[in-house]
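Just the one chain here, the form predicted alone, laid out as structure tokens.
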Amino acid sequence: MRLETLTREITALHAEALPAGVVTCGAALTSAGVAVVKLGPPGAPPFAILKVTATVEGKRLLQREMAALTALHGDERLDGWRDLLPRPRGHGVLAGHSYRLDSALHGRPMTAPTRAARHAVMSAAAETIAVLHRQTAGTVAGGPEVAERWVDAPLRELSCRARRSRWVAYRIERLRDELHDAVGAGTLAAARIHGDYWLGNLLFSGTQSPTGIVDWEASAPLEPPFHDVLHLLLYTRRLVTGAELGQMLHDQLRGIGWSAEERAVMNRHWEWPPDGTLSERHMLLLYWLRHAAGHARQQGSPAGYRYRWWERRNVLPVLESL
């Protein structure tokens, strides 16, 4: 069924949640096969966002995001901070397509901040997500259970798609052993995280503070809270320099270090490192592993040329640095 027809039928099913005369005012397709459609009155800002998919991975992501948004909106500790989040208005399945209708948030992504504004934007973004981390903060005991979630499960996602090479297999096993030692004992800081927290998923509206946070499908509770701030800093650097994440991680692990601007954001919003049990090296590796595994999962199996291209730039350089 064509997207235009699906959109008309879904909006008709949820007419009570939409203003009269709603029309499509923009659409895009994500890499996971999710169509994102903006809906609103003619000539006005979007009132709602419709996400539609027929792919297996797209359906999984919609379900994960729905679960995350439901949990976040139900968490009274977050109080007014929840106004930054999309609010689901309806969901279902139509003609084999899963969909969800969300309220639209005001603002637009700031993926090209000026040099003068960049530090203030990063600092405000880090401070905003720190509210989520503080309000959901907890701890997990180091040991086999956390090693399975933070190390083994994401490594399986990478391993099952990795090029068949003794060098790659050896490096993956070496990474597994190092991270098992890192999370095998002690008490580790944990919190609800966004999981893909970068300027492209933040909305701004005439200010340097975010007015909205979107795309919560990578969110989960009891995860390393440093993940979000590392992703924000490294992906902002990627926007500025064009460097691949794998090469940036390779350089960090080899001692290139943070810029003064990046370190200032860390020092202002964290007691850095935020978890005395883990070294900065291990935080970087755990962050990269979770992110890389999520990307690998979205590609499906078997791995094709596009994934091999991405792996060469984002997986192999990190393995080489071990």
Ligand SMILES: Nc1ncnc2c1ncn2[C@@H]1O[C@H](COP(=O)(O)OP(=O)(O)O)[C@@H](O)[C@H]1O
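Start at 1 and count along the sequence shown; that's the residue number. Here the structure is a predicted model, which means the values were calculated and not measured.
Below: the form predicted together with this ligand, not depicted.
This ligand in the predicted complex is approached by Ser103, whose closest heavy atom lies within 4.5 angstroms of it. Among heavy atoms of Asp215, some come within 4.5 Å of this ligand in the predicted complex. Interface membership of Thr236, defined by any non-hydrogen atom within 4.5 Å of this ligand in the predicted complex, is ruled out. Within this chain, Lys38 lines the site of this ligand in the predicted complex, having a heavy atom no more than 4.5 Å away. Listed residues Leu284, Ile49, Ala293, Met66 were compared with this ligand in the predicted complex; Ile49 is the one with a heavy atom within 4.5 Å. Checking Gly92, Gly184, Gly138, Gly200 against this ligand in the predicted complex, a heavy atom within 4.5 Å turns up for just one residue: Gly200. When contacts are defined as a non-hydrogen atom within 4.5 Å, none of Thr241, Gly257 and Pro317 contacts this ligand in the predicted complex. The stretch among 285-293, 257-265, 30-38, 52-60 whose residues place heavy atoms within 4.5 Å of this ligand in the predicted complex is 30-38.
In this stretch, 86-101, the one residue having a heavy atom within 4.5 Å of this ligand in the predicted complex is Pro86; the partner itself is omitted from this view.
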